[in-house]
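Encoded as structure tokens, the following chain is the form predicted on its own, with no partner shown.
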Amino acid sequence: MQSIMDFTKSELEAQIQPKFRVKQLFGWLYNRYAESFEQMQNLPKKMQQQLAEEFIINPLQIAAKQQSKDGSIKYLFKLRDGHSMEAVLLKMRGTEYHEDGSIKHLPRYTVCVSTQVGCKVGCAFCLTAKGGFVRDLTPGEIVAQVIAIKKDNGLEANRKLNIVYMGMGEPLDNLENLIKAIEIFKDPDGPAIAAGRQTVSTSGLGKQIYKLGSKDLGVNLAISLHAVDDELRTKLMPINKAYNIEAVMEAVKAFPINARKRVMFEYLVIKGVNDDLKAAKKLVKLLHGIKAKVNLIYFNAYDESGFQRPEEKDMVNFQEFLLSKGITCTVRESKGLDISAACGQLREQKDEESQ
């Protein structure tokens, strides 16, 4: 039985009459976090019964979670078929107050969601790849991660947050379901999370970047680059054999970006692998002519990874060089270092405990 969350509003309007009932349904699902159709009191009893016969509501449940000292929370979700995947709530900023004690700014959150159980890409540094690929997530399984996290943390439906499709899996490898999830999140009668608050992070599937761009959904694009020459990138990311750096850059240049936005380039910095100024110089050359922002990320080490976290001085030198060349560059503050924060860690840990 499918989850009602798998469907966009227009898809449900084609099945449910009159159409205004779908708007009410969306309100119960995404604004009131309803867990049963019986709770939807403004729907006729007969409709409640029909919906209950045809659909389930929540396609997942929280199986485990770990909270970091910095406020980040890692979730392990169990799906109805017994498989599991992860999402993370990142606290980007705490509550800020005026001098009189009144609230100036509410906390700012980002949710990092998964799009697949496992992953086909097989990056050398990623623990998710260890378990191989299992299946794509449905649109509802993608959307439900955010709804479950908001509900678990007592976040009101109208609390705005950012979504990053950067958890387990390659989002563009599940393009059709990703697009539906984006549309559901954007819906003003649903979660109402604007496209500008949604970022799709990809390992660089050139053909799929063109397809996503052709939909002109208004989402942001992030490229997991991690290397500045094809030889190293192929070692780190086998997908580079199919879509080398040049092919990725051509696709990026064709992607529609809001005039106030930049394409994000994620650069995972690994000690002794890609952390020197020689690599920084190549990166500057590579990004010439692209409205880019570089996000330097400390490698989050785990057992048997074979890689090490870079030295802080090398990160600083790398960043300062890019800034000196006019490239917007930030060092992503490491979150959840005291918990299983790297993608796949909590899932792997729970799998080992169950063996």
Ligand code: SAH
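Start at 1 and count along the sequence shown; that's the residue number. This one's a predicted model, so the numbers in the text were calculated from it and none came from an experiment.
The same protein also exists as the form predicted in complex with this ligand; that form is not shown, yet it is the one meant from here on.
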query: This ligand contact in the predicted bound form: K74, any heavy atom under 4.5 Å; finding: no
query: This ligand contact at M166 in the predicted bound form, heavy atom, 4.5 Å; finding: yes
query: This ligand contact in the predicted bound form: A280, any heavy atom under 4.5 Å; finding: no
query: Contact flag, Q319 vs this ligand in the predicted bound form, heavy atom cut 4.5 Å; finding: no
query: Contacting member of L51, I297, I327, L60, with respect to this ligand in the predicted bound form [4.5 Å, heavy atom]; finding: I297
query: Of S201, Q208, Q198, N177, the one that lies within 4.5 Å of this ligand in the predicted bound form (heavy atoms); finding: S201
query: One stretch from 185-193, 281-289, 139-147, 118-126 that, in the predicted bound form, holds residues within 4.5 Å of this ligand by heavy atom; finding: 118-126
query: In the predicted bound form: members of 205-228 within 4.5 Å of this ligand, any heavy atom; finding: S224, H226
